[in-house]
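Consider the single chain below, provided in structure tokens and representing the form predicted alone.
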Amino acid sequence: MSDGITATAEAQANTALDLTTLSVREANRALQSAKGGAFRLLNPGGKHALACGLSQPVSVSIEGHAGYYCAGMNQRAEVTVHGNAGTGLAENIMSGTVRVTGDASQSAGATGHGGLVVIAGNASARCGISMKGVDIVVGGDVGHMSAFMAQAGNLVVLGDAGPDLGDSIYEARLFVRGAVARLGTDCVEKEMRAEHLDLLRDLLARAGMQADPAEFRRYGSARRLYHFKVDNAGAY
């Protein structure tokens, strides 16, 4: 990519980056070099690794479906996918916001340390796997093994949750409005106290979703697997 493309991307608001003429690497380089501003990724065509590694407060609108690992390692940027997203959406997000107007495939928000991930539709298996502080709000359902080994943060599901929700969970908080097919090992239902209702109300507002916090149930760790005990060997 020429220096002129980079300079234009940095200087103009609502800069359009067309993926029929630019490679993913060229588009990402333009976004990563920007210090601010708003950008539109046109004709994404399900390409992988779009808008990855952004560390500045830029706004990115992806005008179509995204492939694997979209908005991975995000810091400070606001990324919106106007369509569906493939495996590993917002993997290892540190801060900022990643939104999807459609559905997300498996492992959305995996290992996320911070920031907010909003999925308007459904999320597939292992949503929030090993999450470490990220907030994830899903407007539809989540698949099996969601929040597996989730260490910190919040997963909010307005629909249903598949089998083995929160398996081997640590201190993350899970809020589900619909039915849970089956709780995972060491995950139990917990009391929904006033502070949890306030937290949930704030998360829903930030995500732009309408729901009554009182309709949700909270799930978390029973803390039986923190330390190995031979009596619990069959549960590991």
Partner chain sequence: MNDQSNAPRGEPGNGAPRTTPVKSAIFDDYTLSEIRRAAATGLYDIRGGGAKRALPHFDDLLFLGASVSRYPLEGYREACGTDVTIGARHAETPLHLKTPITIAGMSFGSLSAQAKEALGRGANAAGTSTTTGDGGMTPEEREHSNLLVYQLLPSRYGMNPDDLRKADAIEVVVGQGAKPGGGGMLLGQKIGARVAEMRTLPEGIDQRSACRHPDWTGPDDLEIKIGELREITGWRVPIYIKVGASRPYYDVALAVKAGADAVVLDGMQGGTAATQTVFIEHVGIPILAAIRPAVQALKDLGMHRQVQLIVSGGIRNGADVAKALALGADAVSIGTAALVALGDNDPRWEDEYRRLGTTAGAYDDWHEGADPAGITTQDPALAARLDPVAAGRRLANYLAVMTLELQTIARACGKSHVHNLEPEDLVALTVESAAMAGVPLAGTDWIPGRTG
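Positions refer to the first chain, counted from 1. All of these numbers come straight from a predicted model, not from anything done at the bench.
Omitted from view is the form predicted in complex with its partner chain, to which the following refers.
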| item | value |
| --- | --- |
| Which of 33-41, 204-212, 61-69, 190-198 sits within 4.5 Å of its partner chain in the model of the complex, heavy atom basis | 61-69 |
| Heavy atom within 4.5 Å of its partner chain in the model of the complex - residue from Val156, Ala77, Leu116, Ile129 | Ile129 |
| Proximity of Leu22 to its partner chain in the model of the complex, heavy atoms at 4.5 Å | no |
| 4.5 angstroms heavy atom contact with its partner chain in the model of the complex for His48 | yes |
| Its partner chain contact at Ala152 in the model of the complex, heavy atom, 4.5 Å | yes |
| Exercise: Asn84 in contact with its partner chain in the model of the complex, heavy atom 4.5 Å | no |
| Contacts with its partner chain in the model of the complex - residues in 35-57 whose heavy atoms fall within 4.5 Å | His48, Ala49, Cys52, Gly53, Ser55 |
